[in-house]
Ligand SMILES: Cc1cc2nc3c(=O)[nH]c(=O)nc-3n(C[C@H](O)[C@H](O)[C@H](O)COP(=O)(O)OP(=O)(O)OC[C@H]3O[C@@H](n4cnc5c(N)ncnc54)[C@H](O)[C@@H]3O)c2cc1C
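Coming up is one lone chain in C-alpha cells, specifically the form predicted on its own.
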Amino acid sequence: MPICRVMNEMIPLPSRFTDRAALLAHIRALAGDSAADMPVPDIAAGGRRAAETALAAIDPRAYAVSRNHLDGAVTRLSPYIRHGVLSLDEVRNAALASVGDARQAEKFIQELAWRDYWQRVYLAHPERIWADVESYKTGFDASEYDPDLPADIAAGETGVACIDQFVATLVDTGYLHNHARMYLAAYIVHWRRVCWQAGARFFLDHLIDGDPASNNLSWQWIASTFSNKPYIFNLENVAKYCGPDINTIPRHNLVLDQSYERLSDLLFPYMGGTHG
C-alpha cells in the first residue's frame, strides 16, 4: 500500500476504491479546502488495461490523413506515454504491427520521434526548458513580451471566439488537440505578445499529458526561439481544420480574419513580413 507523509506522520494510502467518485473525493480530501471545487478532467481511464485497449485501437493510416483535424483519428495515447504507462518503443512496435507496409505508419512514427527528440534535448540541455534557446525572430526583444498571462486569456474571455473555446476545452477537460494547442500558443505569444514561458506554465497547469520537454520546446518552436521563424495562423486555417463545433464566424474572430501577409505586417512590423 502507498504511503503518504502528513505533518511528519506516515499514513497508508488506499489504492482501491469502489468507483471513480470515491477516488476523487479522497483526492480532494488530501488536497484540502483549496481543491474542494476544483474540476477534475476525465478524458481517459487510467491504468495499464485502459492503455492497452487504446493502443490496440490505433489506425496509423487514418492518423496520417486526418491528424491535423480536430475530429481526426488521433490516438489520445499521450497521457499514457506521459505518465509511463506506455513506452514510445511499445507504441511504435504496435503501430508497425497494425499495418501491412511500414511506410503506412511513417507519419505516426515521426510524431513519436518528435516526442523522443524533445526528451533527448531536455536530457542533454535541461536549461533549455525554461530559457530561450535563441532570440525571438519576430523583430521584438524578449524584454518586450509580457511575463504574465493576462487574466482574460486564463478565463477564456478574450473576445476571440475560437480562442475562448480552446481555453475552455483545455481547462474543462485537461486536453487539447495538438493543432488547437498551436493556435492558442501562437495567439498568446504573437497576438498578445506574452512570453512563451507564461503560456507554457498555463498549459502545464491544466494538461493531463503535460510534459515539460514536449510542451515547452514546442512553445519555443511556436515563439521562434527554437525555430527559424514564428508560427502564425489565420481564421481560414482554423475553419479548415476545426469543423463546425468551433466558432469561426468572422465578426466573432476579427483579429484572426486576415491574410497571412496582412497578419505578418500587423504582428511583426519590424520584420518586413514573415509567417509560419
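In case it trips you up, residue 1 is the first one in the sequence shown, and so on. As the structure is a prediction and not an experimental result, all values here were calculated from the model.
Just so you know, the form predicted in complex with the named molecule exists too; it's not on screen, but the next bit is about it.
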**Prompt:** Do residue 130 and the named molecule come within 4.5 Å of each other in the model of the complex, heavy atoms counted?
**Reply:** no
**Request:** Answer yes if any heavy atom of residue 74 is within 4.5 Å of a heavy atom of the named molecule in the model of the complex; otherwise answer no.
**Result:** yes
**Message:** Whether residue 214 contacts the named molecule in the model of the complex should be assessed with a 4.5 Å heavy atom distance threshold; does it?
**Reply:** yes
**Request:** Answer yes if any heavy atom of residue 209 is within 4.5 Å of a heavy atom of the named molecule in the model of the complex; otherwise answer no.
**Result:** yes
**Asked** Looking at 143-151, 103-111, 120-128, 162-170, which lies within 4.5 angstroms of the named molecule in the model of the complex, counting heavy atoms?
**Response** 103-111
**Asked** Given that the named molecule is left out here, which of 192, 201, 181, 137 has a heavy atom within 4.5 Å of it in the model of the complex?
**Response** 181
**Message:** Within 4.5 Å of the named molecule in the model of the complex, counting any non-hydrogen atom, which residues from 175-191 show up?
**Reply:** 175, 176, 177, 178, 181, 182, 185
